[in-house]
Structure formats: C-alpha cells, structure tokens
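The chain below stands alone and is given in structure tokens; this is the form predicted on its own.
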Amino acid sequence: MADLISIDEARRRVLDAVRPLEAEDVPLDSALGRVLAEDVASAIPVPPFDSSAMDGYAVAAGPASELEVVDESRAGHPATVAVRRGTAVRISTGAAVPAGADAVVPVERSEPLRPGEASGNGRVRVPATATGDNVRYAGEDVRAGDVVLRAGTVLGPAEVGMAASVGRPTLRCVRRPRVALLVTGDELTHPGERLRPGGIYSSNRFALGAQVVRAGGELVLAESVPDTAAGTREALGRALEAADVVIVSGGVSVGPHDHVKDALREHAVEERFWGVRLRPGKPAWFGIHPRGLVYGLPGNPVSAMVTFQLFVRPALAALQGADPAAPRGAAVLDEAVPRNPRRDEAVRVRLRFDRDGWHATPTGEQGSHMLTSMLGADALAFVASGEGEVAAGERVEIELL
C-alpha cells in the first residue's frame, strides 16, 4: 500500500473522475428524489386567474350597501354573470373572481337579507370594501416565464408539487446511476439460511445496498462472491458490464485469499488511490474503467458504510448533476474522544441541539466491526490524528449522515 492520502484528497480524486450521466424524461409521479437536468420555466401565471381567498361574495369595492346576488362562482365553475353596481356574486375559496368584481367580502362579515333560491338570487348586506380585499391575483405566486426550478435541484415533495402547478407532466432528469455491488468472502451466509461453522451473516450486501438506494442509485446487481481468483474475476466482469459504478466490499488487502486487486488489473481498471489516512476505512480503493467508477471498500461493516458515505455517496450525487457536498458543520463533544496517532477518525455520533449549537455524543464502542456503532448515528465527527484526546467541550467538524 502506497502512502496514505487524506480524506479530502481521496474525495477530490473521486470527483475529478466523475462525468455526469445523460438525461431522460421522468413522469411526475416517479420524479421524487431525482435530479433535474433542465431549468423549469412556467408557461402560465400561477394562479392562472384572479381568485377568491375566502368563501363569501364578489363585489365591486365601495361603501356598505345592500346587493342583489345574481350568480355563483365555484371552484372550477366560474360565474357567467358579471358584477355591476348593486349586485354581488356568491363565491367559494379558490373560485374565479367574476368580471366587474375587484373585492371579496367574507361570508362571516355579510348579512343575508333574503334567502337565495336555487338560481342564486337573494339579497345580502355587506360592509365597506377596498379594492383587492381577499383577492388572490393572477401571477401572484409565479409569473408566466418565471424559472421555478433550476437544473441540479433534487426533487422533493414541494418541487414535484411546483412542477405540477405549472402544468408539467414530465421532467427532464439525469439518469440514475446503475450500481453493481459485490461482497466477497466464503464465510458470508444469506440471512434466513443456516449459519454453518465459521460463517457469518452477510450484512454489507444489505447495508451498502440501502445506502446506494438512499443516495439515488439504481442497484442493478448484488452478488456474494467466493474467495477464488476465477470467481472474483468473473463476478467483476459481470458487474462492469452492468453498471456505471461498481462496489466491491472486502478482498482488497494483500492476503493470500484477497483476489480483488488482481481481478481489477485483469479488467484494466486504473487505480487512482489505495489507502486513506482514515479510521475506520484505511484500505479503501478507487479506480476508473472505460465503463465507469470502481470502488474497493473494506469488508468490516462499519468501515464499508463510512467509506461509502465519504467516497461513494458524493460520486453518485455528482453523476446526477447534484451538489456532492454533504451538509457539514461543527458540534461540541459531550465526551472526550482519544486521538489516533496516525489516522484521522470518523466517529459515529448522535446529535442534540442546545443554546450554544449542536452537541455530539459517540454512539458507543467505535470498532470497525461493531455495526451497532452505526445505530442511531446522526453524523460523523472528524477527530484529527495526534496524541492525547479531544476533550469534552471542544468543537469538532461533523458531516451529517
């Protein structure tokens, strides 16, 4: 293993290798979580017409008066009779303000004088009104031609709703990265099967697969790979054919049963780094292939999840044209954390907010094999290498998970 590089340098090398994927049209009801590949401009004003903010009566603004009710405007069913002096139109919230009206009197401020018939006739007393009272004007939210969503936006519920409000049935989004996941080891047993002597249940296939989906990737292949040179080589070939991003968990060290690095060379994957000054996650590997990006992540479950967060998640975001940076900040340590003399440490922490900002508490024992340290973790807290410890009360940089 060559000299270890920093976390920031490893991320830089990953992002330098990323080329955004092509775009595709996505139906609006499938667009949640996708990344826009285009600016979205509105072809119409929103709202598209002057509408009522209240149930009540549409009137011509003026002094208190008694008015004849001549029609009704309901949502989706505008009035057909215009308002003139001495008349009013009964109106529902969201309904179009009829011609001749420029104000709405809320029903609770009106006084019916003669019950209306089915035709809508009747009389009503209204107080003095000013132009614009309780009227929502056309284009008050969005004007025709306004850009309402920008390329690179990750579509949440509000963004999907905004696109619908301007009449877009589909959106041009960057294609989701296809991801292949290989987990290596003869000891791996699928959950639900009998655990044989020397075996362990395979957690990385499911934890890393879930991280892929949460990061916006499409998991197109997930396989357990035996500790043989031929099996590793064949599985890697299938993965490279199927995916834009290949993740191999385990087998990237230098032991006699670690066949991943030889298989990567045989498939012409160019190494960009091997070894990061990080605990957990030191043996992380990254390279490129004509078909895409390739990762060799450690086999220990926490190391695998941490290195995914730090090095794979940013690439999946960048491949979709989104901002690869995870939310970062600072937090006060509520417990002392010992430093590692040679490597920066990504400590799994729970967060709480207090008057002086965020506070972080380690989730428990931080061994790279202890998956319980990821349970309830809100963030990674970065503790620089060195001697001694970071004392309780000191601030450290955090990255939200």
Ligand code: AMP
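Please read these numbers as outputs of a predicted model, since none were measured by experiment. One-based numbering along the sequence shown.
Another form, the form predicted in complex with the ligand, is not on view; read the next lines as being about it.
Contact check for Asn300: a heavy atom falls within 4.5 Å of the ligand in the predicted complex. When the ligand is considered in the predicted complex, Arg205 lines it closely, a heavy atom lying within 4.5 Å.
Though the partner is left out of this view, Val183 does reach within 4.5 Å of the ligand in the predicted complex, counting heavy atoms only.
Taking the partner from elsewhere, Tyr137 is found to have every heavy atom lying beyond 4.5 Å of the ligand in the predicted complex.
Note on the partner interface in the predicted complex: the residue among Gly251, Pro280, Pro98, Gly292 having a heavy atom within 4.5 angstroms of the ligand is Gly251.
When you look in the predicted complex, the only residue of Leu188, Val124, Ala331, Val148 with a non-hydrogen atom within 4.5 Å of the ligand is Leu188. Of the candidate stretches 292-300, 271-279, 309-317, 155-163, only 292-300 contains residues with a heavy atom within 4.5 Å of the ligand in the predicted complex.
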